[in-house]
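Take a look at this single chain in structure tokens; it is the form predicted alone.
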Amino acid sequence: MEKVRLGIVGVGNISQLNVPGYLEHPGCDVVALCDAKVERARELAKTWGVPKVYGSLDDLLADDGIDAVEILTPTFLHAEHVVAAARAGKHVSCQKPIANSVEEARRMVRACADAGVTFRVTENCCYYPPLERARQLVADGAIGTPTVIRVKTVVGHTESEFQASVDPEGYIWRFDERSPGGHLFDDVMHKYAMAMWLVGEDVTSVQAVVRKGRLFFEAPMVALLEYARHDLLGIMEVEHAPGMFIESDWFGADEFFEIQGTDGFVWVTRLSGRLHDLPPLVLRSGRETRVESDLDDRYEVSFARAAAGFVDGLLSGTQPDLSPTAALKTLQLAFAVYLASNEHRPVDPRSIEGAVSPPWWPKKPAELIEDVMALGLMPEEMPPVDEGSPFAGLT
């Protein structure tokens, strides 16, 4: 393969981050867009210079001029779409989370293996320069032997152009039974992946407390992770702070990663937001503290590099991150956090083969309306209210 001919399946909100990297890559031609909202796909095809538009996945997969697909559809459609793409002989990159259940994820992995096509799950954090640098420093022994990894996420609000222009309809399915969980399943999946990827170790036991927050937030949440290496532990925290402003060009969230070792620590001080007036990476090694301020810490760069990772992997015949095996383990970890909190006991993520949800999930429309009122949100800021909306009844 001299050049990857790519089809994009799904042109919703996240496509604004995922697609530009493919358009810019010299080894990739984006030849088709596919979406049930054909008019939106046509508009974007004109903007991006993409020659073909399809209204159905079957039509796109029947196109012999397409080598690979990037699947950006809602999570509950991933299994169906990935299996269909594999059977059509297309290489596959699929937006995280990999699937709604472990069984679905395993079926997707098998289908791609049987078809002999490359399968990766799009995890932009693997390609975020400060996180990538932190992982390399840990692997090189810059902080000695890692002993504790801490990942903190706080969601506030921001005034970014992207946040103001998102299509609310793209979020409705995240509030109902089409998703097994809320924010912890959706956004925090990135951080679950990093909890293992940064240190190169699997999680073998989880203890957690998950509280019911407003809207689809499950916060506060605190989880204790035990790894295969007995002297390595992890701490994960998630908070919702709706009254706190977070400067960001994208989402109103802030992430902070700390890996403590026997000889020092490394901090990655941001991802989507810019809450802290600190360099993107701080390293303490022995007696020396140094900062790395020249790393490209723009959030969108991680998506462009993730696109390049898929294309380069196909051209070189190598497996790009995030491998389907790692994505499956990440899914199990997300479910283990729910189960550990639900049953107040340690849970081995490897024991989970189905799906797990919080006991209150999904919320009833009346609860969502109460949340909207409590947060002081105006009706025009909420998803469209129709029969299929969990906000039906909001006036």
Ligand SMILES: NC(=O)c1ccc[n+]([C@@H]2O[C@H](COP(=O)([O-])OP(=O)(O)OC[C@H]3O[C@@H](n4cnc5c(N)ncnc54)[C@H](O)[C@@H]3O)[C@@H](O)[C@H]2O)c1
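Computed from a predicted structure; not experimentally measured. Numbers for residues come from their place in the sequence shown, where the first is 1.
Separately, the form predicted in complex with the ligand exists; it is not shown, and the next lines address it.
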With the partner left out here, check for me: in the predicted bound form, does some heavy atom of residue 77 sit within 4.5 Å of the ligand? yes
Does the ligand come within 4.5 Å of any heavy atom of residue 299 in the predicted bound form? yes
Look up in the predicted bound form whether residue 182 has a non-hydrogen atom within 4.5 angstroms of the ligand, and give yes or no. no
Is it the case that residue 303, even though its partner is missing from this view, gets within 4.5 Å of the ligand in the predicted bound form, heavy atoms only? yes
Pick the stretch from 138-146, 254-262, 69-77, 307-315 whose residues have a heavy atom within 4.5 Å of the ligand in the predicted bound form. 69-77
Exactly one of 120, 81, 240, 270 has a non-hydrogen atom within 4.5 Å of the ligand in the predicted bound form; which residue is it? 81
Is it the case that 9, 186 and 190 all touch the ligand in the predicted bound form, with a non-hydrogen atom of each within 4.5 angstroms? yes
Can you tell me which bits of 15-46 touch the ligand in the predicted bound form, meaning any heavy atom within 4.5 Å? 34, 35, 36, 37, 40
